[in-house]
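The chain below stands alone, shown as structure tokens; this is the form predicted alone.
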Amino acid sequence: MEGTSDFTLVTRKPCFGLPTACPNCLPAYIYLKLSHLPFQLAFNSTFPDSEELPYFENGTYVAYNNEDGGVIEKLKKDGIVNLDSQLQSLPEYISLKALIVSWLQEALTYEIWVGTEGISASKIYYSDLPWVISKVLFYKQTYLAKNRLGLTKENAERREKLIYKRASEAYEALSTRLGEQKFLFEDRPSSLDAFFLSHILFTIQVLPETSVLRSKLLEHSNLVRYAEKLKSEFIEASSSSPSPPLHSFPSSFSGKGSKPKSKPKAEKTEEEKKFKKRARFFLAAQFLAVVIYVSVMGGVSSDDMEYEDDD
């Protein structure tokens, strides 16, 4: 492991007044801020629907979002930074984690892709893509999100009520637990604070005012104060730093770290060529995905198609 000055977190771009508007990236960013671990922030827009983002790297070490339970769990497991070492065996920790990582995450996924009809999702993930590709990718991800949530034409209304009911209960329990404490566990931050703070900031700043989930959250003023205090201390205090650079994925996603920053001019040109090739390959792959997706959806029954229209 190299020096801490070489730690880099690569996320999706900033938006809506947040350092990164990606709901998967923001918890990792906040976790590192809560731990006071020095790191550089970089952005990657090459593969907008990649499951690897966010990822954390240091030299040859890389922790991806879609491996080993995600970036935060990987950093804890590998001993890089673990805010939960004295907490994760507590019954309260386990129950709070279920509320935040399960119930609230499910509600947020529903709001992003279904409840608000993707108003925010398009800007977060696809604003840099051609209109046709962005629309197809959006409908593809919406379809996948509905599958993950177990939504069908028959149970859509019942599932929606259950999702919002659980979210309301989670907010109530977390509001009671928090009171006027600085963190969920009195005076010490944890990964649950990172997930919960990320959820609150995203819900308030990214979701539209018509959002049902947003209105339920705003009923609990102490949760809003909690988020405002931590945002001011851990996020806004460092917002005056220079804009992070764009960042390409580690070569072939092989788990290798980023290249050294100082390179000969010819080497940089070669890297740019590889980057452009990856971009062209991505567009070609997405076009093929569109063809396959349309072919598959063409065989869906008329009832299913009516359900999609109703949403």
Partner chain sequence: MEGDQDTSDFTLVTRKPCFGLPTACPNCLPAYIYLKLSHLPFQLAFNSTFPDSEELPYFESGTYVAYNNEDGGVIEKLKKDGIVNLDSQLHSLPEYISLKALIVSWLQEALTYEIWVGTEGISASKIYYSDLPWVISKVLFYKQTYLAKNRLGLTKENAERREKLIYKRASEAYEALSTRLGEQKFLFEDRPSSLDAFFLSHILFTIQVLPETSVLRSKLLEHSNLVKYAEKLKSEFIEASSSSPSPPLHSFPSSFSGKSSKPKSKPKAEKTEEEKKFKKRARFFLAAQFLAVVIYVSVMGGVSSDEMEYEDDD
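Numbering follows the first chain given and starts at 1. Please read all numbers here as calculations on a predicted model, not as lab measurements.
Separately, the form predicted together with its partner chain exists; it is not shown, and the next lines address it.
- Stretch-level contact analysis of 79-87, 145-153, 196-204, 110-118 against its partner chain in the model of the complex, using heavy atoms and a 4.5 Å limit, identifies 145-153.
- Screening R166, R214, H220, K140 for any heavy atom within 4.5 Å of its partner chain in the model of the complex leaves a single hit, R166.
- Interface residue among K182, K97, K231, K135, judged by heavy atoms within 4.5 Å of its partner chain in the model of the complex: K97.
- Taking the partner from the other structure, its partner chain in the model of the complex has no heavy atom within 4.5 Å of any heavy atom of I235.
- The closest heavy atom approach of Y126 to its partner chain in the model of the complex falls outside 4.5 Å.
- Within 4.5 Å of some heavy atom of its partner chain in the model of the complex lies at least one heavy atom of K161.
- A residue is said to contact a partner when one of its heavy atoms sits within 4.5 Å of a partner heavy atom; A173 meets this definition for its partner chain in the model of the complex.
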